[in-house]
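Take a look at this one chain, the form predicted alone, written out in structure tokens.
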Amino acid sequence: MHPPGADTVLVRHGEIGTKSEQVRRKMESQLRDNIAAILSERGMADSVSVERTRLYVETAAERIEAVTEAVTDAFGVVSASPAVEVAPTMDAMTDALAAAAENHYDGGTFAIEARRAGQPEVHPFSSHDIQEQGGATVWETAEREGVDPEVDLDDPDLTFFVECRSDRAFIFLEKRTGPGGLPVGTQQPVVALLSGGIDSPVAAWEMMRRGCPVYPLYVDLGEYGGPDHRARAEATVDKLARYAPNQDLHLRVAPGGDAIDRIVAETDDRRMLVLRRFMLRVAEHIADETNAVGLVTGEAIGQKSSQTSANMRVTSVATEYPVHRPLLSVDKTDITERARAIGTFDEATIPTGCDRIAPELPATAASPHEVAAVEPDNIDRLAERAAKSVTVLTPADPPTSD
């Protein structure tokens, strides 16, 4: 919902504002670049500018909805509002409020919420004055349109927002929620093990929301992967890339079939732990090559046999890099809801071949020594070989079959 003639999207950040002046400016600049990249990727080359605690996207009225939707996909954005810009005078603001009331107020309760910035000599009125005169304008407009107006300052059905600055003012009717967090690119990169299932894309998204560029890594399972297994990972990466088109989100595919054949042949109840440790070793090599500072998985405590609190210790010690698990304490239902919200759920529900690897009775409380003792003796060389044979996909790469 937006007022007539809306031509600007107001962008708000949150946590960025708590940083030092130098860090805040750097993060705001990164956020501006990220928003511009999303807009460009979606065919909208609109101007993005920065002022303290605010960013503005100047656009055309016919693109206001599409621009607002794009802006609220950018990590670091707390909320955004499609607004109409007017002169910072009482007459201009009340005229815009009257137009908004004519178009959107058809009954129920309303309120005016106004903020004024600037010295008294700049504006001969206060925020309270704007609210009072703006409320009177909406009331009179409603009566003229045959609507019975009612004011509720605590929980109105419709709020008319006014933001008046020294040189311009904005009228808007909503604050659309963004992902929050930090702009991607303001932290160091990480390598995310991505299966394309429900959990791992959400984990990668959460790390991006905390500012980390993500290098997605898919370890091909060979004959255990099934025909759609890799395609599933590719599809989820394509969805994630829409949130950060100016980052290197090309999927890295490591051939793991030979190693997995060995693991299946030589291990039993600790097989899934050996497999996870192998994948982390492959990811470690990719981190070395890309200067990443950590590894990411979609694990949550107790969700699978390999994800018990004891078994996570077993897998974590396979690498010197920190293993980040942003979903560690999140319930599966909440993870699924987030997957739906970010658009990766449908692709994630394609059947996977991992179930054919799992033993009938997997170990749930193994020790690092026990697992290391049953690993293939050349597991490190197999991981290094898989990492050296990685293929980096681009959106133009056609799908291939093994």
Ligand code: ATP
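Given the structure is predicted, the values throughout are model-derived calculations rather than measurements. Residue numbers run from 1 along the displayed sequence.
The same protein also has a form predicted in complex with the ligand, omitted here; what follows describes it.
In the predicted complex, no heavy atom of Q133 sits within 4.5 Å of the ligand.
Residue contact check for L221: one or more of its heavy atoms lie within 4.5 Å of the ligand in the predicted complex.
Contact annotation for S195: at least one heavy atom lies within 4.5 Å of the ligand in the predicted complex. At a distance threshold of 4.5 angstroms between non-hydrogen atoms, T297 is in contact with the ligand in the predicted complex.
Contact check at 4.5 Å (heavy atoms) against the ligand in the predicted complex: none of G256, R281 and T391 pass. Proximity to the ligand in the predicted complex, defined as a heavy atom within 4.5 Å, singles out one entry of R232, R116, R270, R276, which is R276. Shown without its partner, this chain lists R144, H128, K332, R313 as candidates; in the predicted complex, only K332 has a non-hydrogen atom within 4.5 angstroms of the ligand. Heavy atoms within 4.5 Å of the ligand in the predicted complex belong, among the stretches 98-106, 197-205, 180-188, 167-175, to residues of 197-205.
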